[in-house]
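Below you will find one chain, with nothing else, as structure tokens; this is the form predicted alone, and questions on how it binds or moves follow later.
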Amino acid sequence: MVKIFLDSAKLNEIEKVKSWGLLDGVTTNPSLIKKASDEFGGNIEEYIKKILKVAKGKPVSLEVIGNTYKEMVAEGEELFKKFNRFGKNVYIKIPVNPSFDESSEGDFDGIKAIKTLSKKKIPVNCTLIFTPEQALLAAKAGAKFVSPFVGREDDFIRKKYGVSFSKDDYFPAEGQRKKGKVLEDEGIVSGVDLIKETRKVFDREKIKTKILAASIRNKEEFRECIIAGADIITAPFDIIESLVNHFKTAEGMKDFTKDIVPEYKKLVDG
């Protein structure tokens, strides 16, 4: 069954999703943690400990900030050593390619860092994935999770072809057309298609690494990522909260309430 992760560092949101029985994990980044910790006096270290304790036993991704092999390995080891004991649940987020430009000398530093950390039994969530090939390389290096960025892929395709949009606009899984041409990025026609194609590669190669659909923008995309084969969906609180709602459900509850007869109410009330 697909797992649901909360993409948030806010303790109240983590606690609420946990209270619903839906918290399978948490994904964070440094800016999310900084914003959330400011509400608790700005002590980031103590705040991270609180997150790990609340989500004990559930994977919590903590991100490195370096962009060289040595920096990422050192930071990953430090984060794991410092925090894993509080919930036995730290995963280290490593970018698949930490370079700022294409075809630079450090392109494979992320893959090398994943390999090194994985050999040290430090679980890795490989982030910033935009192609199935990147996901394959990260999996071969030992990543436990690979995180294709669904919404950002949609954004890139629209920007590439000059399509105006707002971030929460629905982007069809089968892609969009402009002047009769399907818009694409290296053969990928949408963020959901990125999940689908990665799933095909992983199934073909019998890869056990989990596909974690990230950068989810709306509940339709959430659903389509499950259908496309994601093992995990990480989504902001407002999207997870919206999943249970539908106009006809609320309307039906009103109708059911009207139909309650006194005799039945007395029976169930004891």
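What you see is a predicted model; the values in this text were computed from it and never measured. Just count from 1 along the sequence shown to find any residue number.
Quick note: we don't show the form predicted in complex with ligand E4P, though the next part is all about it.
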| query | finding |
| --- | --- |
| Heavy atom of K144 within 4.5 Å of ligand E4P in the predicted complex | no |
| Contact test in the predicted complex: A214 vs ligand E4P, heavy atoms, 4.5 Å | yes |
| In the predicted complex, T68 touching ligand E4P (heavy atom, 4.5 Å) | no |
| Contact flag, K167 vs ligand E4P in the predicted complex, heavy atom cut 4.5 Å | yes |
| One residue of K93, K112, K196, R158 in contact with ligand E4P, assessed in the predicted complex (non-hydrogen atom, 4.5 angstroms) | K93 |
| Proximity to ligand E4P in the predicted complex (heavy atom, within 4.5 Å), stretch among 224 to 232, 24 to 32, 39 to 47, 198 to 206 | 24 to 32 |
| Non-hydrogen atom within 4.5 angstroms of ligand E4P in the predicted complex for each of D7, F149 and R152 | yes |
